[in-house]
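What follows is a single chain, given as structure tokens, in the form predicted alone.
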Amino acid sequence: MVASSPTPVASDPPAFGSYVLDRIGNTPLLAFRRIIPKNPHVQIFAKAEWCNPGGSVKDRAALQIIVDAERRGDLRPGKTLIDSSSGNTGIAYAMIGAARSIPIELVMPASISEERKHIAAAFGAKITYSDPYEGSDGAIRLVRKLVAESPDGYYYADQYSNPSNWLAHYRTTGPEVWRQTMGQITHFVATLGTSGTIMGTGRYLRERNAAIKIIGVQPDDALHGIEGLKHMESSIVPAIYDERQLDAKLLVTTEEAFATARRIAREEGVFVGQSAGAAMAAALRLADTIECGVIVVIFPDSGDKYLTTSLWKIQDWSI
């Protein structure tokens, strides 16, 4: 059974404006003028997920996880929500926690961008940093240790195993993509991290049209530099990930992801993060292999969370 969708925080709507959490979802679909497929019969559109109030696609999953946990009674007064995160989900938890007076504790790799660290802290989250060389897997191992030491004090959200993660996209992202393309989508492309976005959106789209192709994108190597993404073959595989749901998996190098993100900024005026660059690089490659189609690709976040990384250090790339 699919869990019910998140509900507004307050029962009475304000006379003007809207509550911040009511702005999660319903992100725009962007078209492009210069970075387009060579084949005029193939179109690429991008879902601008930085338009969520926490700045990323992860707002959707974090809200669903919290609402479902509260409904079950797993997250209640006196409990602290704890989870590991490479950045965006942690920021989303922290933002929602601030809006709903829920204490949040995060375990994040020390190697993540300074911007992500500061944003999560700005919302009031308590942060413990894991080994920078162990990435998201190291954060997972450390959060499990902390929960085992104090099980009664925490609600362990466990985004990598929590079905509310993909359910959020089944209930929101999938229907939005279907509606925004008027059902004409032929291919859906998303990067692989927790895999919630592609698992949930893909399930919904396949129910509407079984011919839609679901394409996963991951780094080509275990020692990659694309924050938030998993090289599945060398990582702790998320329990919610089911590779059988994918029609193909495309590999992208860190250099290709960075170069494409920079192209998107310079040629389209759209400032995106490195995972969006990876997704677009894969979508362009996919476009060269099909005769016609409508490709929708997820842009998880904007570039402003990576200003201090090599992605946007001007001396690292030609102007």
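A residue's number is simply how far along the shown sequence it sits, counting from 1. Just so you know, these numbers come straight off a predicted model, no measurement behind them.
Omitted here: the form predicted in complex with a small molecule. The next part is about that form.
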item: Location of the small molecule contact in the predicted bound form, chosen stretch of 173 to 181, 80 to 88, 205 to 213, 124 to 132 [non-hydrogen atom, 4.5 Å]; value: 80 to 88
item: Residue contact check: residue 275 to the small molecule in the predicted bound form, 4.5 Å heavy atom; value: yes
item: Contact test in the predicted bound form: residue 229 vs the small molecule, heavy atoms, 4.5 Å; value: yes
item: Any non-hydrogen atom of residue 194 within 4.5 angstroms of the small molecule in the predicted bound form; value: yes
